[in-house]
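Here you get one chain, nothing else, as structure tokens; it is the form predicted on its own.
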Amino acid sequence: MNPFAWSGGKFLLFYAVVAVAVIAFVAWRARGRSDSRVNVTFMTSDPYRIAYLRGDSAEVIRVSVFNLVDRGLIELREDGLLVTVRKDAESLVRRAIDRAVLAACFAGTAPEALVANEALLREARAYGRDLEREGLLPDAPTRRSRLAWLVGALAVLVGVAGVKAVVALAQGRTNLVFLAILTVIACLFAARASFRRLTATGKDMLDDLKVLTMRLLGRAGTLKPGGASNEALLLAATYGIWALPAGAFPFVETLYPRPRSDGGGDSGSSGSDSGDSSCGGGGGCGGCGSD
């Protein structure tokens, strides 16, 4: 039977089934295949990569600020400004983003201004390019492929609705409001499914990292400030700075107050798909040496 000849309710059900199938296909194509060639040590050797994978450029800056305050290289003054406390501080760090934060704080600056500082954002985006090269984030060819599949999906969704509209109008039926609404909703869901922030490899890596650090999260209350090890930094990068115990790191909430909508451990930025490996037991993971 020709579905375009079906009555309104029956055709809407048919269209919904088609839309679900199209959206599921687009989501599957956008996710891609997981590639296990990326070693977890690549991520744990520089926890800022984890922060970017979980969040974004601003999240890398927040974690960097936490790290530098914890190590005593910058401090939060009573006037609410962050200031670099040692003239030789830049020689004591190896990451470009840390040096940029220290330079930005030399004359004193507000914590919230740092996450909007374009020079710092440029440094943080370098981590995104690293993750793209490793297949953890979609690179330009992947984004173009996703866009092509989305265009095809939208053509199907709009095309099916359009044919039905033409048939209905030819039969003198003009009540097409519900079909129009359903079409818009379906197109929006297809677009959302197409622009997943992480690749399948990136999602699996984030999942592995959270499994890896689960025991570390469980004993977060035992962490000590001062940057003696990378465990606090690793925890902040994997779960967000608000996963750190307030008793040991009271300055975190002062630096960046927890958003009211944030229910717990994950820090905020959230275009990410979620995911986690094990720093379990007592020590840090491979490649998590103090820095």
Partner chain sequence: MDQDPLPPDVARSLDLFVREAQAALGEDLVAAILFGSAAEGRLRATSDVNVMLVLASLPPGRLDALREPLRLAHATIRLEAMLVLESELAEAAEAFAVKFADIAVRHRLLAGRDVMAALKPTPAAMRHRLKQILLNFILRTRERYALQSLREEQVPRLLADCAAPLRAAAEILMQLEGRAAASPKEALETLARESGADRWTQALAHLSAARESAVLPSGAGAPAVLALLDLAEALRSRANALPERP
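Note that the structure is predicted; figures quoted are calculated from it, not measured. Numbering follows the first chain given and starts at 1.
Beyond what is shown, the protein has a form predicted in complex with the partner chain; the following relates to that form.
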*Is the partner chain close enough to 125, 129 and 142 in the model of the complex that each of the three has a heavy atom within 4.5 Å of it?*
no
*Quick one: from 211, 113, 191, 103, grab the residue that has a heavy atom within 4.5 Å of the partner chain in the model of the complex.*
211
*Considering 197, 173, 77, 215, which brings a non-hydrogen atom within 4.5 Å of the partner chain in the model of the complex?*
215
*asked:* Just to confirm the contact call: exactly one of 25-33, 250-258, 44-52, 58-66 touches the partner chain in the model of the complex at a 4.5 Å heavy atom cutoff, so which is it?
replied: 44-52
*Give a yes or no for residue 95: in the model of the complex, does one of its heavy atoms lie within 4.5 Å of a heavy atom belonging to the partner chain?*
yes
_Would you classify residue 244 as touching the partner chain in the model of the complex, given a 4.5 Å non-hydrogen atom cut-off?_
no
*asked:* Can you tell me if residue 236 lies within 4.5 angstroms of the partner chain in the model of the complex, counting non-hydrogen atoms only?
replied: no
_Contact of residue 219 with the partner chain in the model of the complex (heavy atom, 4.5 Å)_ = yes
